[in-house]
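The chain below stands alone and is given in structure tokens; this is the form predicted alone.
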């Protein structure tokens, strides 16, 4: 099958490398707004073609992978589904909630599969957590704790266009929470602080976060985040039930240090970046997309799933600003009203 990669930046180049190693992929076309960058990327892959985005669509690919800037995600997804081409797109779908809702509605008018890049759904630890919870292996779920902490902050120029900590970073936690538990979030209470660089506050963002989420069955979930986790890249999910517990991310490279005498776990080198931590998951999500294009399996993470995660991120952002509990029903209703205006 023939695949197009739209965007030859860091993530796009990683996807190029992954796709060429997958069974069923016979040819690649790489397009980027910077033609020189597209040419340089194509030069690394034997037989790869390159050109403009219009030329990429004219190439008549079997599947499209969108790794372009967020500002063009919506336009490219809509163009792809209207052309009948199965599509993979990195999150987010669009730059705002109303435009995301519009993209979802347009995609659902077409019988074309679209997979969104929430790679944690393909991480072995989260997959096992979902399976063991569904199997009842540790009883009835009662509480959860999640952590997503970066070792160093993003560049100053990125923060104003990132959407903020909840939409940019914690949206992965919100998505995987829904996927592992099979439940929806009913309410959110979020708070945060600015302890680091001034450019976070200047953009209306935070660099430390704490959130309480209540699921629709009453299960309590806590979430902590940081842009300054000096120990390393830390991503975990702890699930506690009436007969036991499970923890995702508790391996030799988790950036934790015990103060207990004689305890040297973990002893490995801490994870340094999200790409390093989720290397296998990134590979598995594209392997899954190839089967989606082939028609073998449905997309594991749909635009509708991405919209639901964004609703939670919007609720968290509103909660932090207004200092109150926000019901998800309020956010959904507000989005529908704005979409009609």
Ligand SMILES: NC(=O)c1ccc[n+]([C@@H]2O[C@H](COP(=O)([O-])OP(=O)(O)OC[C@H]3O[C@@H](n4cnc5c(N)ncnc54)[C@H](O)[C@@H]3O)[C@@H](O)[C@H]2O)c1
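Positions refer to the first chain, counted from 1. Since the structure is predicted, the reported quantities are computational estimates derived from the model, not experimental observations.
Quick note: we don't show the form predicted together with the named molecule, though the next part is all about it.
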Checked 117, 225, 86, 192 for heavy atoms within 4.5 Å of the named molecule in the predicted bound form; positive is 117
Assert contact residue (the named molecule, in the predicted bound form, non-hydrogen atom within 4.5 Å, options 64, 31, 312, 301) equals 31
Examine residue 53 and determine whether its closest non-hydrogen atom to the named molecule in the predicted bound form is within 4.5 angstroms.
yes
Given that the named molecule is not shown alongside this chain, does residue 8 nevertheless sit within 4.5 Å of it in the predicted bound form, heavy atom to heavy atom?
yes
Wondering, does residue 101 line up within 4.5 Å of the named molecule in the predicted bound form on heavy atoms?
no
Taking the named molecule as it sits in the predicted bound form, is residue 297 near enough to touch it, meaning that at least one heavy atom pair lies within 4.5 angstroms?
no
Region of this chain that lies against the named molecule in the predicted bound form, out of 175-183, 104-112, 126-134, 70-78 [heavy atom, 4.5 Å]:
70-78
For the stretch 157-187, I need every residue with any heavy atom inside 4.5 Å of the named molecule in the predicted bound form, listed N to C.
158, 168, 172
